[in-house]
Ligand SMILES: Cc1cc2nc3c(=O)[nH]c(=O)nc-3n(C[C@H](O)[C@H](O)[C@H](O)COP(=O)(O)OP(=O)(O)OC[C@H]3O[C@@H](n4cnc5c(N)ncnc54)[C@H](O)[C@@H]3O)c2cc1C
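Just the one chain here, the form predicted on its own, laid out as structure tokens.
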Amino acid sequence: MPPNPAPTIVWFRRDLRLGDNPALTAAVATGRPVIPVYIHQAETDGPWAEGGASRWWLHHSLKALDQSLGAPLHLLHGLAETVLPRLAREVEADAVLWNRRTEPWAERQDAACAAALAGLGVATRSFDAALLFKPDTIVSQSGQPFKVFTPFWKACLAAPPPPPPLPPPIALRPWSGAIAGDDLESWRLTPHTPDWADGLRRSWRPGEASAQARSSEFLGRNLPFYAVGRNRPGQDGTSRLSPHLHFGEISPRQLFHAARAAGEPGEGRDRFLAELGWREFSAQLLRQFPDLPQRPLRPEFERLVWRDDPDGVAAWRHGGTGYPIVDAGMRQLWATGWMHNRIRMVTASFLVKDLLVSWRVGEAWFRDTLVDADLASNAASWQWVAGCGADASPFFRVFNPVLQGEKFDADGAYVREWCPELAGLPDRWLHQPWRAPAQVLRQAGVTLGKTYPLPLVDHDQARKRALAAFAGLKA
């Protein structure tokens, strides 16, 4: 190899890690200098660009990656199909490598990048690293993509297991030249005025090292109890790995094989693996239906007349509905950029069925406020709750927020943490304070309508209204 061989560019995307990174491993294996690059291209995703919480996470994840690479991470902005060829010419690169994203527009972009680079005589290689299985390989016996989760996941488990994850490369050979790139702060991914991210800073540590530490802690301690713990919002029973997965700080293959190695088959392990399966299933749905975040998969739901209720939506967003389990969830979301999975279903049902507001409104709010705002999973899950998606919960299944609170937060730990103004109420009245005797409210320091809101709607009446709207679809 000549003393100054042509460098290889590695284009990082949603794979902000060293371990199980096929593109990075292949680049290092050439022995050539490696130029790591991240391109900020919000205009590519259009309306699906990162929301505020995701932008905060991305900022810190890029910082963590830069510190771990052993070579500078070059930050560029613009359309990748323009930026990559320009950079390849500038540094006289012999190849550009990347890991594929699975969204339909990302696949079109991959093709455009490969064509533009080929026109310059620059080789390209792309790899599968975002999912457990290669896209379009898990299909029904008729060769069609699945539209129901359970048979999809059974087919996944019956298929040969995903390949074992790759270890991190030992070392990168850095490139010695200079590249005119951006400073991370210039992208203004983090909030300035007002700074609303204090809760995020206290709740999370983005980066591959944190992802690995959290994975080891969860799999070593909580995995056997996950099937029950995942439904208890007042406990630390979930993995909290979703944002790390979303940004590719840990790969699904790493988690799949680590979970299998963590113990014998059991309800907890199987349930956790199935959650990886839902992520996989959602990605397949988005490939089939690129307008998944906008249009219901069941076309009859296009006729459902949603209510325009800006005051109700504002109260829902900021945890002021008067239903404690809903308000606790929405406050947790705003403060930490995350919400417990069980409570995501409860809060989503309240918006769609109690308020009869379109699921699209909720999908957009979650996408802006969640640090784990995976487009496919978020859209598929909202459609599931709304009854209009694949394998959906029926529209007539309306979560009762009082019963959900009493069942899954029986000791009130979750509500008391996020609605402290209700902390003094006895468990009996905590999830329905409007029914508490006046003396109990006084003793607890609760004044309904002042220190805590009255319910926005009567749940029983709202349920009847939702069912009537659903019945209208059948007419």
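As the structure is a prediction and not an experimental result, all values here were calculated from the model. The numbering used is simple: start at 1 and walk along the sequence shown.
From this point on, the text means the form predicted in complex with the named molecule, which you will not see here.
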Legend entry - Contact test, all of Gln41, Glu107 and Ala114, partner the named molecule in the predicted complex, heavy atom 4.5 Å: no
Inset, instruction - Work out which of the listed stretches, 123-131, 287-295, 190-198, 333-341, brings a heavy atom within 4.5 angstroms of the named molecule in the predicted complex. - result: 333-341
Inset, instruction - Please pick, from Ser215, Gln404, Ser282, Thr369, the one residue with any non-hydrogen atom lying within 4.5 angstroms of the named molecule in the predicted complex. - result: Ser282
Legend entry - Of Trp98, Phe395, Phe152, Tyr226, the one that lies within 4.5 Å of the named molecule in the predicted complex (heavy atoms): Tyr226
Inset, instruction - Evaluate Ser203 for contact with the named molecule in the predicted complex, applying a 4.5 angstroms cut-off between non-hydrogen atoms, and reply yes or no. - result: no
Inset, instruction - Decide whether Asn378 counts as a contact residue for the named molecule in the predicted complex under a heavy atom distance cut-off of 4.5 Å. - result: yes
Legend entry - Residue contact check: Ala71 to the named molecule in the predicted complex, 4.5 Å heavy atom: no
Legend entry - Distance check, Asp391 to the named molecule in the predicted complex, heavy atom within 4.5 Å: no
Inset, instruction - Go through 166-201 residue by residue and record those having a heavy atom within 4.5 Å of the named molecule in the predicted complex; state none if no residue qualifies. - result: none
